[in-house]
Each structure stands twice: as structure tokens, then as C-alpha cells.
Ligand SMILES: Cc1ncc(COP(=O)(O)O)c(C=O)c1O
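Okay, here we've got a single chain as C-alpha cells, the form predicted on its own, with questions on binding and movement later.
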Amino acid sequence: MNTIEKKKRRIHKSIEKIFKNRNSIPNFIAGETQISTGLAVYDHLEINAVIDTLLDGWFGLAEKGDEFEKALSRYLSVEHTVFVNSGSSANLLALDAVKQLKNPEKKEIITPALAFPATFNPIVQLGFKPAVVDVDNTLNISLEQLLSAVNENTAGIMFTHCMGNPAKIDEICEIAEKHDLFIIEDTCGALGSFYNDKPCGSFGTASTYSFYPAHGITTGEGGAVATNDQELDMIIRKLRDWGRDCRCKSNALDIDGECNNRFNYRIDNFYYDHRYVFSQLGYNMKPLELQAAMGIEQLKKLDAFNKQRKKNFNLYKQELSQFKDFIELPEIYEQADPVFFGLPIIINNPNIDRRDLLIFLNRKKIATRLLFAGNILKQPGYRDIECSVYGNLSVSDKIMKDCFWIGIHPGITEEMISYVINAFREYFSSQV
């Protein structure tokens, strides 16, 4: 072992000791410790992987990026995965690439009103027209309203598996196939969820993921686009990297590139370095090699993370049933095997004021969030956009008014859950 490797090993051991000492400190004091809605759970393995990439001195995507993408593809049961800088970027890239590949003359994309801007915005930004429909009691796109929205101007369907709860994706695919529509599955909050024993995100034309700290795994910031279409994969990669035509790895040591053809490309009547040929109007949505290194280690822990999320969800479901006169949880399809991103809670009693309840919980150090934008068409920035609305949006309106969510991430313990349940009990007993 050379001197550099010995020094690296000492660093690794030092980082490991830091995490062992940190984990030995009690991490929950009732009423004082914040119970967060989302938390990045990691240890020395991720930090040491990141340090190694920094010591190697290569920041742009290289071997770790390639390794992470391949590992993601295996996990998702898809052919191609492109690592990007955020889930929001993933949605924009996916739709832009589909637009270029399919060049649809039709301009409406069916999407639910209950949305996060990252899913809804690309539809407008890329010149499509949102065809807005309601959700059902699972918080997912209503199949009935989706069917009513399909018309001669429909190009595709773009939707989320809301909070990790799978939509009726098999049935959506049948509709899409019948009417020749593309599908973009926003799976940013559903990494590890299944429908009919198949991973969410492996059904549509393309699917998207987020690796923000609160999500299934984290790379700090980061995201991915997955597809089984090789041509679509190539367009996504070009769009991610400024529209660059060359697909050789940027750290290839061969002066002629991996293709051995770097200096033989022509523009007009002269040679031009293929690495500086741009065949798309692209973006810069590249993540870092150190993020890929972290993602590799996080992905190894995903099954354990998801197991804990399911355990926390089931415990909450059991305990919260005692408050059925005040609140309820979303329904789950029989074919679905969800890994919830967070725990959505719906107030079903008109005497309960959501604002008052949320203030109470937050003062108890129990963090809460609303379900993103609610009915996004009611948000100030969306009131004047051009869109079509098919049917009423009553469920989305209900969720906007009466829903919130709390954390069930792997950092949540049974002790914390017990404390939260007692807080709900205290509040609801005061309302009787």
C-alpha cells in the first residue's frame, strides 16, 4: 500500500469515528427535538466516497456517474438512466426530449390539478397546453377524468405517483396505447413503489426521479430520467450537456475520444472538434461526480430505507385510526405496493381548523407541510395560464383546503411516532 492510500485509509477511519460518536448521542428529546418532514440519512460510507472523488481531483461526471446510472437502471428495471442535477430538471429534460423525438402536432398534455410546480411547469414552458383533471381518493390522477379529457388534440399524459402512492399506471398505459399518447411518470417521490409487482417508473415513455435530501435516497441535490428508448436516452444526454453532440466520456484519456473519431467531424467544409459540435438547443443540467459517488452508497441502502418507511407508515396508520372522526389517510389501490414519501393526512371533520392544528403541531416541534401547490390553478402564478379543465376539481380543492403531511422517513423512530400520536390525542381531545 502506497503512502497516499495509507493517508486515505486514515481519513476514512477518522470519518467513521466521527459518525460512531455522533450516533451514540441520544437523538430525541420529547418536545425539544424537531421531528422533520424529511431527513437525509447517511453515514461515513457516503462521506468517504465523496472525499475519495475530491482527492481524485475530477469534478465532472466520470466513472462514478456511469456506475450510478447503471445501478439505477438495474434497480428500476429499465434500459437507460441519465443522472441530472435535480428532479425538476429531470421533468423538463424528459418532456423536451419526448417533444423532439415524437414532434407531436397535438398540444394538450393531460395532468392533474393536484401538483407540484416541477411536474406542471414544463408543460407550459415547452409550449404545450395543460389539460387539467382532478385526482381521486388516492391523491392520484382520476382515471375517469383522464378518459374524459382525451381528445383529438391530446399529445400525452404527465403525472405523479403522488407522495409515493402508485397511480393506476397499467390502466393509464392502456389508454395511452389506444390513443397513441406518450407518458411521463413523475416518480420523484415514489422510488421503490410498485404496481402489479413492477417498479413505478418502468411503465411510461420516460420517468423522473429526485434525490433531494427528503426523498428516497439523496445526492444532496440531484435527479434522474429513465427510459427504455435508446434514441430518447441519447436526446436527454445531449440536452443535459448543452446540446453537445459528442457522447464520449469527458474524462476519456484517448486523445481521439472513445469513438476514435473526435477530430474527423466536419462543419461545412472544415474539420471541427466533435466535442464542440452542438446538435440541440440544450441546457447545463449536469450533476457532479461526488454526487454520483454518494448516490452509489445511498442506493445500496434503499431497500432498508424503504422497509423503515413502510414500517413507519403502517404504525401511523394503525395508531391514527383512533382519530377517524377527525382525520383520514388516502386510499391505496389493491394492486399498489407504495413506499410513501411522507404521510398525507386529510381532515374530514368540518369543526377542525387546519391552520390551528398545524400551529399546534409545529409548536410541539412536529414539522408539517401542505401537499405542495394543492390545486395549482388557484396559485397566484398560474391563474392566467392557458389551459383546459376537464370536469370539476373538487378533490384537488378539498386537498388544498384540508390536507397536510408529516414525516415518515428512515430517521423517524417509534419513540417519535408515539410522541406525535400523543400530540394528536391532546389536540383532538380538546376539540370534543
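Predicted, not measured: the structure shown is a model, and the values here were computed from it. Heads up: residue numbers just count along the shown sequence, starting at 1.
If you look for the form predicted together with the named molecule, you will not find it shown, but the lines that follow are about it.
Only one of the listed residues (145, 193, 119, 218) places a non-hydrogen atom within 4.5 angstroms of the named molecule in the predicted bound form, and that residue is 119. Interface residue among 184, 97, 188, 110 relative to the named molecule in the predicted bound form, by the heavy atom within 4.5 Å criterion: 188. Across the options 110-118, 274-282, 239-247, 310-318, residues that bring heavy atoms within 4.5 Å of the named molecule in the predicted bound form belong to 110-118.
Taking the partner from the other structure, the named molecule in the predicted bound form has no heavy atom within 4.5 Å of any heavy atom of residue 128. Shown alone here, residue 323 lies farther than 4.5 Å from the named molecule in the predicted bound form, counting heavy atoms only. Not displayed here, the named molecule is approached by residue 87 to within 4.5 Å at the level of heavy atoms in the predicted bound form. Interface membership of residue 207, defined by any non-hydrogen atom within 4.5 Å of the named molecule in the predicted bound form, is ruled out. Contact here is defined as any heavy atom lying within 4.5 Å of the named molecule in the predicted bound form, and by that definition not a single one of 68, 227 and 287 is a contact residue. Along 137-165, a non-hydrogen atom within 4.5 Å of the named molecule in the predicted bound form is carried only by 160.
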